[in-house]
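A single chain comes next, written as structure tokens; it is the form predicted alone.
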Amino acid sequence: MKKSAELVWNNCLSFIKDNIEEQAFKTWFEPIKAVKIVDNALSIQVPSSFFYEWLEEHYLKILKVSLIRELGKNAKLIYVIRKGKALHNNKTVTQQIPSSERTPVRSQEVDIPITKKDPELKNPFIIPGIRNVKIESQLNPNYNFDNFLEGDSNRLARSAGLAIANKPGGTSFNPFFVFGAVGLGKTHLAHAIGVEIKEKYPDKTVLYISAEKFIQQFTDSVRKNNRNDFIHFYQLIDVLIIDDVQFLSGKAGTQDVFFHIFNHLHQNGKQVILTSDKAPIDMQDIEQRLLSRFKWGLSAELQHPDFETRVAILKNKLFRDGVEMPEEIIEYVAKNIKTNVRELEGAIVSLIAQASFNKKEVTLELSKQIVEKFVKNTKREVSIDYIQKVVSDYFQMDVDTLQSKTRKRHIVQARQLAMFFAKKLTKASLASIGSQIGSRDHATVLHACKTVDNLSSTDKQFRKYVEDLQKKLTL
């Protein structure tokens, strides 16, 4: 009797589950679906090119063994990569076990070619009037993968970063766009990738730069009439890392020059890494042609770390500093500082300093004093769950009703208000807000925010809703 694709794949999964860690199985195998089986070729659907790359890089052997157990030595595996909401045949990547050679797809966009081969090419990192020294990669070696601890909040981004470091420019996630709220490790991860690449490939030119510095350099190049030198310099970089790319918003000239630099690097197999506090879809005043390129590779969000990850971060920090601290104090700090890794480490540093300089014993009472000052001096960011609870209570309904599909006017307005305040008071992307408030898409959230703005200016009662909720959520 011929086996179905689902049966074959389920049997493969059972074997794989017994041979790898549970978390790895959940992350990399549970999202995969069986599509079809023709002859001895099993087609499986993976969520993205990133999944395909990662499976081939790390789990090829176990996939081969499990498939041969089911289909014999002539077994073949075909990956079907989902793009958007439909499967496009021209985007399907196929792979026959045991072969794992891949040719990266290159962009065919028109680019400004390098025509000038001037050995005295002007370098924007030469500091005029100080000394003629080339600033190298500008990477901080203290920001590395050893102290960028993995958790559910950053697993995808960290895994992608490692894959890029192993094969810069040779994976399908180029550019790599990392986004998330302040203090969650975007800059740390960007540096870590660069540091790892420099260790593995010392001859590669890796450059880390903030978007603000990039803008300043471009402005200087225009003023000094050497714009082409600026472009040509950046086109020679092997791995370009631009931090806080959201600052390009509204800078039409800088966006135009970055567009040409990006095209050249991408077409020539160079790696581009970008960080932002917003997802590409939420960025304002960025040219559409640039935004579309930001989405070419992989966009990975860094989220707030869970309790276990926060504890691990604190323990790692203490270990690196050679300091011991009671478990109850570590857990107290981790429980009370939830949203920002930078603040988390700052609190533990303050505790160490108090103990060292003031000759105080690190007690739970001292920890409470430090954390209280830290939290009090930090602008609190409310969660989307909390916003939904406050809005639901205000309109005397439960959260399930708020999230429901009903079109009753008062429920729709409550839901729109929850989306409005989620966008206003959190750093979450529109897509993330929509998924958490009733599984809506980003367009629904955008419409909700516009509706709330319009009703606030035309409806007195609705304006009172907004004012009341504003007070409740920002107390």
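All residue numbers are counted from 1 along the displayed sequence. Every value quoted in this text rests on a predicted model; they were computed, and no experiment measured them.
Only in words, not in the display: the form predicted together with a small molecule, which the text now covers.
Checking F294, Y143, F233, Y79 against the small molecule in the predicted bound form, a heavy atom within 4.5 Å turns up for just one residue: Y143. Proximity to the small molecule in the predicted bound form, taken as a non-hydrogen atom within 4.5 angstroms, holds for one residue of N174, S392, S137, T187, which is T187. Considering the small molecule in the predicted bound form, the lone stretch of 395-403, 69-77, 149-157, 214-222 in range is 149-157 [heavy atom distance within 4.5 Å].
Contact annotation: K338 falls outside 4.5 Å of the small molecule in the predicted bound form, judged by heavy atom distances.
Interface membership of P280, defined by any non-hydrogen atom within 4.5 Å of the small molecule in the predicted bound form, is ruled out. Shown alone here, K204 lies farther than 4.5 Å from the small molecule in the predicted bound form, counting heavy atoms only. Proximity of G183 to the small molecule in the predicted bound form: non-hydrogen atoms within 4.5 Å are present.
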